[in-house]
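Let's start with one chain on its own, the form predicted on its own, as structure tokens.
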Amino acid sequence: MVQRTLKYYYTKARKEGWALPQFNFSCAEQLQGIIEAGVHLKAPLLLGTSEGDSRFLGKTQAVALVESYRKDTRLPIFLNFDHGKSFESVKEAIEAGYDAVHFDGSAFLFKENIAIARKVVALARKNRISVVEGEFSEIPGKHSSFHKGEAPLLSKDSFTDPAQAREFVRKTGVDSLAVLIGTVHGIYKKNPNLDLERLQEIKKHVMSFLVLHGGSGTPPRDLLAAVKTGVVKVNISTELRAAFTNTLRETLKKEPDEIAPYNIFVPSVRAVQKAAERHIQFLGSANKI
């Protein structure tokens, strides 16, 4: 089949009212479960590695693994570098062969963020990167963690300002924008509801694709409403990591003397597959190849 770009699927998702889940992975076994979910549901797959994932697995190794699955399955599979915090780290991902990159400049002053994001976009265009994602409103919370307490207190003053969003997209040329409308990284006792009115205002101000981070634990009704409003990508990490790790703990309890990794990891791979399939079906990307 013809390999379509990630931008093609973002456009298709926005037009048809569904979203691509981005599944982050940090080991080959997690990736295997995600791929099997995509094969089973005939879904395009967007995969991600954060800076931490990439340090552990390796950027070139992640690219090679994804490319091997792309050839074997003939699925449209895309690899995104998630939350690159510096130009240098994003540049490494581009040179390693990632299909898309996310520059998270939320720690910089707004003008400095714009300047670096413009450099990222220019480099990406030279390397035929399909999508560059930008961010200027920092998504709070601890990445990929379960918390027994309450979610971080969110002030609406920190939410993405629609006018700033328009300026950021216009001056940087990014293809997609990570917006802060109430999501948090990690899963808490109760994750906050989304400010859907703010999302609607942002949509009026920018033409770029809109994406949400911190999809794990977000109230399902709000998440679906955000997708119907125009969000084309929702990042999912914590739930897949929990599925993998919690299942592994249980496996080791049941089989304390087992030492063959290919036996130990099978239940965890299946747990990741099941979690990924649930999100693919919920966000509507099944059978969208």
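Bear in mind the structure is a predicted one, so any value in this text is a computation, not a measurement. So that there is no doubt, residue numbering starts at 1 and follows the sequence shown.
In what follows, reference is made to the form predicted together with a small molecule, a form of this protein that is not presented.
**Student:** Even though the partner isn't displayed, in the predicted complex is Gly215 close enough to the small molecule, meaning a heavy atom within 4.5 Å?
**Tutor:** Yes, Gly215 lies within 4.5 Å of the small molecule in the predicted complex.
**Student:** Quick one: does Ile236 come within 4.5 Å of the small molecule in the predicted complex, counting heavy atoms only?
**Tutor:** Yes, Ile236 sits close enough to the small molecule in the predicted complex that at least one of its heavy atoms falls within 4.5 Å.
**Student:** Though only this chain appears here, would Val184 touch the small molecule in the predicted complex if you measure heavy atom gaps against 4.5 Å?
**Tutor:** Yes - in the predicted complex, heavy atoms of Val184 and the small molecule come within 4.5 Å of each other.
**Student:** Within a 4.5 Å heavy atom cut-off, is Ser268 in contact with the small molecule in the predicted complex?
**Tutor:** No, Ser268 is distant from the partner.
**Student:** Heavy atoms within 4.5 Å of the small molecule in the predicted complex: which stretch in 78-86, 199-207, 117-125, 92-100 meets that?
**Tutor:** Single hit among the candidates: 78-86.
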